[in-house]
Ligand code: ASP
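Next up is one chain by itself, shown in structure tokens, the form predicted on its own.
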Amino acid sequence: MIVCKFGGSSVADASQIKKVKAILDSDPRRTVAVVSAPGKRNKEDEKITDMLYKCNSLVQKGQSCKSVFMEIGKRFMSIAEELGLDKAAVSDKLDEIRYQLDGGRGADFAASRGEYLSAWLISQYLGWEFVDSADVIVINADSTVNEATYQRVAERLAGGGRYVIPGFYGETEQGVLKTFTRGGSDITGAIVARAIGAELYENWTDVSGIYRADPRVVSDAEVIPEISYKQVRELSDVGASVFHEEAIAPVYASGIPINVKNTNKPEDPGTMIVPESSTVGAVGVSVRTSLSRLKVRKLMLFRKHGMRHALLTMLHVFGIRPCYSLYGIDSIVWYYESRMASESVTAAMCERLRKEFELDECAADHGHAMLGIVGNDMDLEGGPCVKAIQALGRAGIDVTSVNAGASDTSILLGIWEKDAKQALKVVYEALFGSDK
């Protein structure tokens, strides 16, 4: 059996849904389709999920969401008409959802209705059975998957039929509807794949796989033929929009391969995400921007037991959770997302850290980025790290920090945000260019 997840661009309109049908019909092993809410049809368009969030926001303010919901209704009615479906049935579903939105069901309910309507509508078009995620997927309070989910999904899909399931949401143990984080339909697909013991999980998008670098910056970036679970997580952590990193967790223990493919070019092989990749050296490079840097220093900083934990706890009090850390004998450098703290909050935090821990230095600055190189054997001497730093040096791009050796899967190079795009191009050429 193959589980297929189709993203928002794959179900954006009737013509795209017809492509979905052709893909599913082309292989009898494709017995389960997990679908997202309709995405953008063009650059100026708006995602259905964003419109539903807007509806909820208006209702919470005591305002009418009629005009926004009318646009949502037009999208779904247009799809139904072009696919030759019963428009009256679709209209009834829309009226029911509008009634519940007006009743204040909340943001999670509102956001989930795009997936719900999309899956229900597509099930009608395919003639497949609709299975509501709320009936089978249990989400814990911390947004992780409750283990009971896998048995419930397996039992529900044990009839040997063909099923359409909405992505992105489930219910808590108390029966309250709850969504995953944005992009959570990838998680739903992985959950279903593990639950039914799928031989393959296909993730259908609008690109022909995972690129070695952002193709919007590096125009000739290649698609990665094969990448490991761990490498995908590391590439995602440094800013690559590749695959929802939390979607790896459900299939990790089962070792189910994931194939990222293009709905518009189904003949392209795409990228295979596998438990372990045999690829030698670097497989991809990405850069994460909008970072700030906090430096703390004190003589004998780590002599006192628990100092690092105490400092981190204080950072958390001010709403800062670092994403990267570097340690010296008497110093720590933390990188965090700049949006986490305003200038006034940052100043107050530094002042309190200085006084409370009697620091010799405590200062934060902004405009940083982290460039990550991901692959196998990243800790080998003379490998990608050396090539990348040399290439950046030749281009006159300063490297502000280096983290190599902590992982054999990734190398992290701190740079200034103003150099991010150029650094990505330079390092990509050094590692994957024709004269590499």
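Residue positions are given as counts along the sequence shown, with the first one as 1. Everything quoted here is computed from the prediction, not taken from an experiment.
Separately, the form predicted in complex with aspartic acid exists; it is not shown, and the next lines address it.
> in the predicted complex, does Phe168 have a heavy atom within 4.5 Å of aspartic acid?
Replying inline: Yes.
> Would Asn56 show up as a contact with aspartic acid in the predicted complex if we use heavy atoms at 4.5 Å?
Replying inline: Because no heavy atom of Asn56 falls inside 4.5 Å of aspartic acid in the predicted complex, the answer is no.
> Does the 4.5 Å heavy atom contact test between Thr49 and aspartic acid in the predicted complex come out positive?
Replying inline: Yes, Thr49 sits close enough to aspartic acid in the predicted complex that at least one of its heavy atoms falls within 4.5 Å.
> Contact between Val32 and aspartic acid in the predicted complex at 4.5 Å, heavy atoms?
Replying inline: Heavy-atom contact with aspartic acid at 4.5 Å: absent for Val32.
>> Please pick out the stretch from 62 to 70, 41 to 49, 407 to 415, 394 to 402 that is in contact with aspartic acid in the predicted complex, where contact means heavy atoms within 4.5 Å.
In response: One stretch meets the cut-off, namely 41 to 49.
>> Exactly one residue in Ala369, Ala37, Ala388, Met378 has a non-hydrogen atom within 4.5 Å of aspartic acid in the predicted complex; which is it?
In response: Contact residue from the list: Ala37.
> Ok, Gln231, Ser118, Ser185, Thr271: which has a heavy atom sitting within 4.5 Å of aspartic acid in the predicted complex?
Replying inline: Exactly one residue meets the criterion: Ser185.
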